[in-house]
Every structure is written in C-alpha cells, then in structure tokens.
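In structure tokens, one chain follows: the form predicted alone.
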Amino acid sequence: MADSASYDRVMNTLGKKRHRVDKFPCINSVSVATVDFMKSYDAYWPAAHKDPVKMAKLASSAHRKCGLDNVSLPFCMTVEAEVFGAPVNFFEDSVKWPSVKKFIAKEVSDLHFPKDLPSAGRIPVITKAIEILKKEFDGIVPVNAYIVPPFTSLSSYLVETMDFLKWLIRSPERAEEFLTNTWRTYSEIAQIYSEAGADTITFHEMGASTDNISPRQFDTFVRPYLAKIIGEVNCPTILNVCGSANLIVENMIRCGSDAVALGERSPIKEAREIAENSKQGYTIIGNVSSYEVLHKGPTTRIQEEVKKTIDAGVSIVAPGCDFWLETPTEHITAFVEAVHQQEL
C-alpha cells in the first residue's frame, strides 16, 4: 500500500522504497525563497536570514502555498564562509543574495575556527528554524537543510576564486591543505542540523561542476572530502551539482549520498544510463530549468518539461537549482501539480 504524505513520498524514494510511493515527489533541495513568498509571510530578506521564525516561514512557504513535497533552508551560500570569518554583505533594505565582502584567506591560518560551532555565525538561527519546522511538520513534510561543502565554500567565498583554481594545477598541496583542515567543520555543521531535526541534508556543491573543474580534479579535490562528510551524517543526503555534471555523475554517486540532484545542463537520460551502470535504481533528482521554464512559464510549458524530465528517468522532480526570486507563485503551483499528475 502506498503512503501519501509528502514525508513518506520523499523519504521512501530516497530509501529505495518506490513501491510505497503514490506519486512522483516534487521538491527543491536548495533555496525555495521567492519575492512572492516573502510578501505572503512577511519574511523578507535580509531579516529571514537572521530571524529563525521568519526563516521557518519562508522555508515552508512553497509547501504551504503550492504543495511542494519538502521544506528547505537556509537561502544563502555564505553561511559556512561566515563561520570561518568572512564578512557578509546582507544588502540591508533590499532583496539581494548575500555575498562576502572580501576573500579572507591566502593561508589556512587566515581562517577562524570557532571554538563553539553551534553558536557561530548563523548556525543557531538555522538550527532554531529547523526545530520550529520539525515541530510543525514532523512526519508530514521532510525538512531539508543545505550546506555549501568545502570545495565550493573555499573556492567561491573564502579564497579568491582564480587563485584557488590555479592551485589545483600549480600548487595542489595548497588546495589540499585547505580541504584537509576544514572538511570536519562542514561535517559538524551537517551533524548539528541533523540533530536539530533535519530529515535530509543537501550538499550544494555548485562550484565543482565541469564548467569549473575537470572530472579528474573532482575525483582528487572534491570526492574524497564529500565522502568523508557524507559518511558521518546520520540522515539521508543529497549531492547537488547544478552546472554541467554528466562527466562526473559516476563519481558523484561514489561520494555516498542517497541521491544526486542535477541542473538543466546535465541531460537526465544520459545521467540515468550512467547511474544504472554504476548503481542500479539510484535516485536522481532534477532538473526543470529554474529560469527558462519555472520563472518564465507559461504553465503549458512547465507541464511539458515536467513530463520530459520524468520520461528521461528522474526519481524525484525538482528545479535545476534555486527558485528564481521573481518566480510567480502560480508557476510553482503548476509545477507541483504537473509532477503529481504524472503516473508512476
């Protein structure tokens, strides 16, 4: 007998219990924030980055208003960098993605390693928001927390990007020194979120696509550290790479996550074929374009793209990356309805 709640729909699919699923799950494992949702729940940026109640409201808005099969938080790529000492620009009195004000590290010694990680930066805000969501949605909707893992966090937010990418070729020992000395902090953040009640943890490794590095560099500088972190997490995990990733799908699977989430640059049919040769029946999540399809619409195109994605072989349907901030709520509703209407 199939289970019907969003929680069962997602968790059974991640747990390889597809026979218990009534519909294809429709989730977003990264940012679910839109301006419409901020208006609906008075949970605008930057306040929703710093206030756990507002963060919880915004994280659950796509489920409340559109029926999305998960809630997801936070809404920012700088959380981990801030923990290590990077100053963050929240763009007060405007709705913009936070960014680091400057790159702070040329040496590992430039990083700040907090003595009390649960109290560092926005970790307590996110932890409290998870607790709020878990109390309300336990067993009804899975709570997803996403983390920017070492490679993307270091190369995009802590070390000047071109310097870090050059190290991969010219001074690999420098890159490895940063990765070796920091990965455990990211693992501990994941464990903090899991203990607070997160049902799934997503590792948002957007900087490690083959748009930026080679498959060999992924295998050397990304996979070993992700594998260590994922191996220490006590809940289902998702590895998300929203750039070009088909050349690394097999290595993504080898990281040990319960699923991989792919962006629209990674054709699902090809990814499914690779996955079947590597781990039959493996869970693939993706990959309807956040901007070209979900943001722009119209709803007829959203319906068409959902069917194409399912026919190509996804296990769970999701946007290719974060919701575009200006995405109309009715487009997200149409997206969820189109997924739930498809036959398993």
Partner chain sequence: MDDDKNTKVFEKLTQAVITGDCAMAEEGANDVLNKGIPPYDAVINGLAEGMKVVGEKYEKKEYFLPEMLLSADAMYAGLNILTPHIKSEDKQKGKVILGVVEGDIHDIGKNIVKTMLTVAGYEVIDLGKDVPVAEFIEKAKSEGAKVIAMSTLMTPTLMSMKAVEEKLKDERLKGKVKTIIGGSAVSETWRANIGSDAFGADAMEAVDKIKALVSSITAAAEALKQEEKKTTDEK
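Everything quoted here is computed from the prediction, not taken from an experiment. Positions refer to the first chain, counted from 1.
Below, we turn to the form predicted in complex with the partner chain, even though it does not appear here.
Please state whether every one of the three residues 279, 283 and 310 places a non-hydrogen atom within 4.5 angstroms of the partner chain in the predicted complex.
No, because 279, 283 and 310 lack any heavy atom that approaches the partner chain to within 4.5 Å in the predicted complex.
So which of 106, 135, 170, 115 reaches within 4.5 angstroms of the partner chain in the predicted complex, heavy atom to heavy atom?
Filtering the options by heavy-atom distance leaves 170.
Considering 220, 161, 181, 191, which brings a non-hydrogen atom within 4.5 Å of the partner chain in the predicted complex?
The residue from 220, 161, 181, 191 that makes the contact is 161.
Can you work out whether residue 65 and the partner chain are in contact in the predicted complex, taking contact to mean some heavy atom pair no more than 4.5 Å apart?
No, residue 65 sits far enough from the partner chain in the predicted complex that none of its heavy atoms falls within 4.5 Å.
Find out whether any non-hydrogen atom of residue 51 is located within 4.5 angstroms of the partner chain in the predicted complex, and reply yes or no.
No, no contact at 4.5 Å.
May I ask you to check whether residue 228 falls inside a 4.5 Å heavy atom distance of the partner chain in the predicted complex?
Close contact is absent here: in the predicted complex, residue 228 is far from the partner chain, nothing within 4.5 Å, heavy atoms only.
Residue 177 within 4.5 Å of the partner chain in the predicted complex, heavy atoms
Residue 177: no, not in contact with the partner chain in the predicted complex.
Since the chain is shown here on its own, which stretch among 284 to 292, 51 to 59, 302 to 310, 28 to 36 would lie within 4.5 Å of the partner chain in the predicted complex, judged by heavy atoms?
This holds for exactly one stretch, 284 to 292.
Scan 122 to 156 and note down the residues that get a heavy atom within 4.5 Å of the partner chain in the predicted complex; none is a fine answer too.
Only 156 sits within 4.5 Å of the partner.
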